[in-house]
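Here's a solo chain for you in structure tokens, the form predicted alone.
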């Protein structure tokens, strides 16, 4: 069973009289997992990274590392290394000396430094690059050097502050795979900061979705994508159709002027709610076979699918991802399964949301 390596208890961070950056945040990080802090610019994700690293102190609350409070422990005393967005490499030093820098500071023996540097470079597939000047390295190679410099010190946690943002798209995808595989081989806890939701879904064991200084939702990529807790999460993670509706009773929801079977329960009768339907969960049919009918207003070809926009009789806009082509101006039907309908309560906390999901699981185990 994984053990907790980092814990935040009611941590708040505010700079002077400025608005609060982090607002009473609590969470736990387990050893050996790949975590992603995901959110828009200014949401507080980089501040969490800086608090873990020891670059700044919380205004209030407690931070624990392996069960020990570290609020006042300086950065150089923590078993943490950071890979920055600009890599922060020394341009006047070659690859070997960049990686060896921290070990030299520790006054380690030359033979031990040599062994550790070569092992670290081997881990990131840079064997033979020891004498290469940093200025002569590509963006992807520089990132590998920065990671080698981080892992050579054998930290318990590696923090990565948007390290892929400066790379072109193809190299970015390649480095996503490499980083994920590297984390698995090392078994070190990685905490990765990004605003790119596709990146977070592809790489993470666990995701913390952050907005306005609060963790909106945490969980596995599948959990967060399939069961978003509120409109912000649903809208930020992937494309979503979010429609106003009413929870008529357990397992019956009304939206777009019609009633549908669903798999959600535990709400008040006739409670106003929001419904999420992912574009890929909508099947195009003829109008008479559709559960909902829409008029197509635009269509784009996205390579692997068509992105179709349409409007229903109630004025709700719908996005559909399909391999079937439609024509602008035509009427089409949409079909979907009850499992594709995700109902969101207004102002539901993550704790309340989790309890509701647990009740579904209990009902399934009881055969209900």
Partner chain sequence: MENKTRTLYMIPYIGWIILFVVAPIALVVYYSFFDIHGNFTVGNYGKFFTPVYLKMAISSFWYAFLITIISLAAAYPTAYLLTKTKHKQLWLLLIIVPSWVNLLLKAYAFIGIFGAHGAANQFLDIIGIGTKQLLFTDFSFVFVSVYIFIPFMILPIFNALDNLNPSLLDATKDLGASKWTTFRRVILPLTLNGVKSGIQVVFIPSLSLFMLTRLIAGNRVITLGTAIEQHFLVTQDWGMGSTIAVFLIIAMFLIMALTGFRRRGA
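Residue numbers count along the first chain shown, from 1. Here the structure is a predicted model, which means the values were calculated and not measured.
We do not show the form predicted in complex with its partner chain, though everything after this point is about it.
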Item checked: Partner proximity in the predicted complex: residue 305 to its partner chain, non-hydrogen atom cutoff 4.5 Å -> no
Check: Hey, in the predicted complex, is residue 105 touching its partner chain, heavy atoms inside 4.5 Å?
Finding: yes
Margin query: Taking its partner chain as it sits in the predicted complex, is residue 149 near enough to touch it, meaning that at least one heavy atom pair lies within 4.5 angstroms?
Written below: yes
Item checked: residue 27, heavy atom within 4.5 angstroms of its partner chain in the predicted complex -> no
Note to self: Please determine whether each residue of 7, 10 and 42 possesses a non-hydrogen atom within 4.5 angstroms of its partner chain in the predicted complex.
What the structure shows: no
Check: its partner chain isn't shown here, but in the predicted complex which of 197, 153, 211, 183 has a heavy atom within 4.5 Å of it?
Finding: 153
Check: 81, 176, 218, 240: which sits within 4.5 Å of its partner chain in the predicted complex by any heavy atom?
Finding: 81
Margin query: Partner absent here, but in the predicted complex, which of 309-317, 45-53, 31-39, 331-339 has residues with a heavy atom within 4.5 Å of its partner chain?
Written below: 45-53
Note to self: Heavy atom within 4.5 Å of its partner chain in the predicted complex: which residues of 73-93 meet that condition, in order?
What the structure shows: 75, 76, 80, 81, 82, 84, 86, 88, 89, 90, 91, 92
